[in-house]
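Shown next as structure tokens: one chain only, the form predicted alone.
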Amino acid sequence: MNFTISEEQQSAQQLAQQILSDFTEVDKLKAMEQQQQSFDADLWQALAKAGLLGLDIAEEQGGTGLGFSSLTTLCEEVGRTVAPVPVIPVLVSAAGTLRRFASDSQKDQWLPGVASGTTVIGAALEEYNNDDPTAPSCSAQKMEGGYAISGTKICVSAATSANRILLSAHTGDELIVALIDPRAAGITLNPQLVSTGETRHELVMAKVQVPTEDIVATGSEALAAMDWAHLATRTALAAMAVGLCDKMMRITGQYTSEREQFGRPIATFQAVSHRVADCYIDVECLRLVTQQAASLIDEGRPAKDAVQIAKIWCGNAAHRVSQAAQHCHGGTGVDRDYPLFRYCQWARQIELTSGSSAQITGELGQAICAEYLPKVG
């Protein structure tokens, strides 16, 4: 594939860099972290006015229709600035799925508001000990006029700000994908503190009634929708990790060039320069495998193996780069007035979200064995 990004993607990325850098100064981030929910509404509106929330939304619904690959460039820049905005759950997991699997009336109802920043559609794809939305433990019982859904989802971003939350449940013999009103009767939102320091929510549902018009897909179509959401979310997390790791590497490069020991910058010490060089290799490898996965998803081609490889690199690179950055900084890296600690927290959260590297390596190995061992035998 061609690993150069298009002019439209470059323009979107540069615009995102400009806007995000204006809203993510250290003092602003520290003030945002004191709030119960880290969601910068002013930044969200600035991104909307610039047309960046609609990168993967069709022009008919108020977006620019540039596609999923363009959206991953925004995710990368959010990672580079650790901006407190829910781009992945809202724009990828929810809006991206609605664009591809919702009815025309549902698209017209929800996507224009997402693109303009006036509507927030969240996503709840994770459960306790289960990050696969195609096999949820949440159950749905068919009733007159819709379904009654029960069960628990975890780590839901922007739950208190969302107009609807996209999630899956099983009816016993098939899967459904629904849009849940977080203020509906039978729903309890319990705060959960995650590794980044932000507050997400446990979503507990007790026979929550969902009308037919809020059912996005059922049966095989629901399975395809959740499979797409799962792959796209993993790829977007890898893209965000590219920005995070790249920024950690550059912070470390600048610090080691200025920090002197024995009368010379520590960057001139071979051990230090090798650590930073290893970070560069990790970042560029992660970038390439992520672009490959995003390109395949954008083209509608089989992408599962590429996505798994990207997420494996995402977890490993996030871990190695944050460790090397802390090592080269010494005690400075854990100072909360210094920006590095914030990147390391985010790197840890992304490393384990939607499957760890060890878990996904096992999944990939099982798939390879299932495909090739019968042929060998």
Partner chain sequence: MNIELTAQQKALQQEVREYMKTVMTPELLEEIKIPEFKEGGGPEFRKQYARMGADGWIGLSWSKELGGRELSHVEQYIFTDEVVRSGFAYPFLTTESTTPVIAANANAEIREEVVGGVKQGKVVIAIGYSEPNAGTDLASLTTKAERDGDDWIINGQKMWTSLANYADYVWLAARTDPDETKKHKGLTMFLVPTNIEGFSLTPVHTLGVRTNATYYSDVRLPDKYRVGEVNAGWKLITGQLNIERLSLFTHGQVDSLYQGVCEWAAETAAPKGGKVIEQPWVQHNLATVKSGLEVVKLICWKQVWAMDQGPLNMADASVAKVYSSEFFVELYRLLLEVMGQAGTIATDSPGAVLRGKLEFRWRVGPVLTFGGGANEVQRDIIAMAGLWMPRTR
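In this text, all values refer to a predicted model and were calculated from it rather than measured experimentally. Numbering follows the first chain given and starts at 1.
One more form of this protein exists, namely the form predicted together with the partner chain; it is left out here, but the text below deals with it.
Visitor: If the cut-off is 4.5 angstroms on heavy atoms, which of these, A303, A217, V276, I154, is the one near the partner chain in the model of the complex?
Guide: Checked against the cut-off, the match is V276.
Visitor: Using a 4.5 Å heavy atom cut-off, which residue among L288, A224, V204, A135 comes into contact with the partner chain in the model of the complex?
Guide: Contact with the partner chain in the model of the complex is made by L288 alone.
Visitor: Can you work out whether T361 and the partner chain are in contact in the model of the complex, taking contact to mean some heavy atom pair no more than 4.5 Å apart?
Guide: Taking the distances in the model of the complex, the answer for T361 is yes, it comes within 4.5 Å of the partner chain.
Visitor: If we define contact as a non-hydrogen atom of the residue within 4.5 angstroms of the partner, is R250 a contact of the partner chain in the model of the complex?
Guide: R250: yes, in contact with the partner chain in the model of the complex.
Visitor: Hey, in the model of the complex, does W313 get a heavy atom within 4.5 angstroms of the partner chain?
Guide: Yes, W313 lies within 4.5 Å of the partner chain in the model of the complex.
Visitor: Does the partner chain come within 4.5 Å of any heavy atom of M143 in the model of the complex?
Guide: No, no contact at 4.5 Å.
Visitor: Which is the contacting stretch out of 209-217, 74-82, 109-117, 292-300, given heavy atoms within 4.5 Å of the partner chain in the model of the complex?
Guide: Selected range: 292-300.
Visitor: For 235-265: residues with a non-hydrogen atom within 4.5 angstroms of the partner chain in the model of the complex?
Guide: Contacts from 235-265: M249, R250, G253, T256, S257, R264, P265.
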